[in-house]
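Take a look at this one chain, the form predicted alone, written out in structure tokens.
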């Protein structure tokens, strides 16, 4: 059997990390099995679906490296298939028209709640006569199509992560709506029907999705059987949880893939981390490419328990990827963040200088966005002195050291800054630490930061060191 899996996001929002992680598991399984990864856009909800969300999803998957073999297919373009399936179910008497009004359904729910019962449809229109149907139509009622669910039926399947799963028909809420009325008439399909029809038509062999779909699976198995199709294997992966152990949602802030990109996470690190959300590699390795993960991937190593999202772990992974990037690639990745911060970058910007700056701050990066703060002083004209730097500039001996540096600045050999500092130390008869601290305060405005010699070289290349030394002398007076 050739494995065929699918990712089927709804374009009602940006690409969510949960959807992306489902995509990762589908992709890994397909590649491990030598199968096909199909992309389907489930856009039957015309009121909420947006083309910009579709594009966001496609761009996000490409950015992550989750290339698909077929698609994207759009449910909105497959209406004839759904209409045929609806008619088939009606003809086989697996489905029927229901004319209940919303007021009647609400009254039913209220009554059930008052009696301490779980809300469910009581199947009251399952056996309407043609005359009764005609009477409802005469009232102007628009029917929905409901699929019959046998309360006595027990639905069981062998889940790829959870083992044997069993649902009782009586727990599925009564006969389910599979198509609703619309301005285009009865037959606009709902999720459970459309997904089954699509999976049948596309030959999907394994349905891999989050555990929040388990109740849907029980209903969908009944639809597969009613349509005379082979039921695929189902694999329900653990949900991604927040720190409180609840499903990660928009209330947690960052959930969109582009949110992570904008924070400065690389695609490689993010997809690596998503792979670890629920799956443990057999060799214990935590840093790997998608292809390397695919070689070892199996659902036997996917946990049943929810996977807690760990920001510290993601930060660590991201830092490892950043520290391994060649300087030219890392520089190219940092430029958009510097531009977004309004730093003066243009075609005339010295690429060699930018790469030297990248090499200086690179070891301190955890996220790409960190470069905005770390590089700020190198793009600024003048320097902002923090309290510790101001105190250092007022220390005895600092002013004389800075005056000597400024006096000899024209003789500075940028290839031998340590030698220049040593010469100042000797001529001023002070300890080297005083010179280093004074220079750091004057040039960088803080007592902690990157390598002083390399930082000075960058500032000197822009002619910024002289003005900062002069500014510092005014403070030290």
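This is a predicted model, so every value here is computed, not measured. Numbering follows the first chain given and starts at 1.
Form predicted in complex with glutamic acid: not shown, discussed below.
- Contact check for residue 146: no non-hydrogen atom falls within 4.5 Å of glutamic acid in the predicted complex.
- Interface membership of residue 73, defined by any non-hydrogen atom within 4.5 Å of glutamic acid in the predicted complex, is ruled out.
- Taking the partner from the other structure, glutamic acid in the predicted complex has no heavy atom within 4.5 Å of any heavy atom of residue 136.
- When contacts are judged by a 4.5 Å heavy atom cut-off, residue 213 counts as touching glutamic acid in the predicted complex.
- Checking 252 to 260, 190 to 198, 320 to 328, 335 to 343 against glutamic acid in the predicted complex, the stretch whose residues place heavy atoms within 4.5 Å of it is 190 to 198.
- In the predicted complex, the residues of 2 to 41 lying within 4.5 Å of glutamic acid by at least one heavy atom are, in order, 6, 8, 9, 10.
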